[in-house]
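As a starting point, one isolated chain is supplied in structure tokens, in the form predicted on its own.
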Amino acid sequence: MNRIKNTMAELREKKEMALIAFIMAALPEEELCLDCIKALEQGGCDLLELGVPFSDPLADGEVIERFHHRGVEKGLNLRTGLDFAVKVKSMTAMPLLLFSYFNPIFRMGMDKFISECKSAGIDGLIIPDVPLDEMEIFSAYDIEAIPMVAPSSTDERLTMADALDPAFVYCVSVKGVTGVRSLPENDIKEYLQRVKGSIRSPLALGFGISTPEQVRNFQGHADAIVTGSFLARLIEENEKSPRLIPGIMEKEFAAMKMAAQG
């Protein structure tokens, strides 16, 4: 069984929410990023989503968009992201997801891309601009591809996501892009309940999760929480004291982990 599915199944059996952290590959610089990833794992992170900088990040909000553009300006891309993933894999036991828009993958070529992912030890993919009805492109390859749904998704689209039998389904919490925000919790709970009516796989809730209280409030409604913009903002706010960033991340994630355990 895929390592992502194993992790999700084990946590689901313990009635514990999985914590998924999104962090942009090699930013703000490589060694600090590796230290942050180690800190996230020590703080209780269960799965790591490693982002590839891209010039037109349509699904990402203001904070992560800045990291995309910073990465592009530094010459970071899919190739450097895959090389960085090798280093991440050598120092963490967490299952590793690669987040990339499809254009760089298309330019590299699917066969080469999937081969490179497997060589780097990547366990799954999140490609936000590949629609559900085109995700069959990954069915010929032995790699986990994670579908995304949103409050606007129709029952027909939810059924399509279920048919993929993924390790989990990424449930976008609100319409729009990523970012730290207050969330309409009752609306989101109703939305998650509707998704559960069509999808058997575990549900991961993302876009806007930033506090242990939010994690606790979605206990029993989602199987996993994804946090990314919050971590990017922590980096930005503390870049003048970079040595402090990993410790801050570990502390913040440990609080979320405690909330995830109920």
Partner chain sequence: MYPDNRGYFGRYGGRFVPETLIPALKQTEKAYLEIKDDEEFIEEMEYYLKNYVGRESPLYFARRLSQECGKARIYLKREDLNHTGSHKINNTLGQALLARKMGKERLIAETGAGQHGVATATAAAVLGMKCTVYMGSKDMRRQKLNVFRMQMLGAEVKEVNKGSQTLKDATNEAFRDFISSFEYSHMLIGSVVGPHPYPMIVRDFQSVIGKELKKQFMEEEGSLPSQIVACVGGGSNAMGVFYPFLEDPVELTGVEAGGMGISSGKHCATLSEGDDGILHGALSRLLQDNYGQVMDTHSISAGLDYPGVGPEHAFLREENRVQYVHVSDEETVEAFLKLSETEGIIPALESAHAIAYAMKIAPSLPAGRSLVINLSGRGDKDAEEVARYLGGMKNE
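Positions refer to the first chain, counted from 1. Note that the structure is predicted; figures quoted are calculated from it, not measured.
Below: the form predicted together with the partner chain, not depicted.
Enquirer: Which listed residue (223, 46, 60, 49) meets the criterion of a heavy atom within 4.5 Å of the partner chain in the model of the complex?
Expert: Exactly one residue meets the criterion: 60.
Enquirer: Sort through 139, 115, 152, 159 and report the residue having a heavy atom within 4.5 Å of the partner chain in the model of the complex.
Expert: The residue in contact is 152.
Enquirer: Taking the partner chain as it sits in the model of the complex, is residue 53 near enough to touch it, meaning that at least one heavy atom pair lies within 4.5 angstroms?
Expert: Yes.
Enquirer: Given that the partner is absent here, does residue 69 sit within 4.5 Å of the partner chain in the model of the complex, heavy atoms only?
Expert: Looking in the model of the complex, residue contacts with the partner chain include residue 69, since a heavy atom lies within 4.5 Å.
Enquirer: Does residue 143 reach the partner chain in the model of the complex, with heavy atoms at most 4.5 Å apart?
Expert: Taking the distances in the model of the complex, the answer for residue 143 is no, it never comes within 4.5 Å of the partner chain.
Enquirer: So in the model of the complex, does residue 184 come within 4.5 Å of the partner chain, heavy atom to heavy atom?
Expert: It does not: once the partner chain is placed as it appears in the model of the complex, residue 184 has no heavy atom within 4.5 Å of it.
Enquirer: Since the partner isn't included here, can you check whether the partner chain sits close to all of 103, 128 and 131 in the model of the complex (heavy atom within 4.5 Å for each)?
Expert: Result yes, every residue of the spot touches the partner chain.
Enquirer: Using a 4.5 Å cut-off on any heavy atom, which residues of 63 to 82 would contact the partner chain in the model of the complex?
Expert: Stretch hits, in order: 65, 69, 72, 76, 77, 79.
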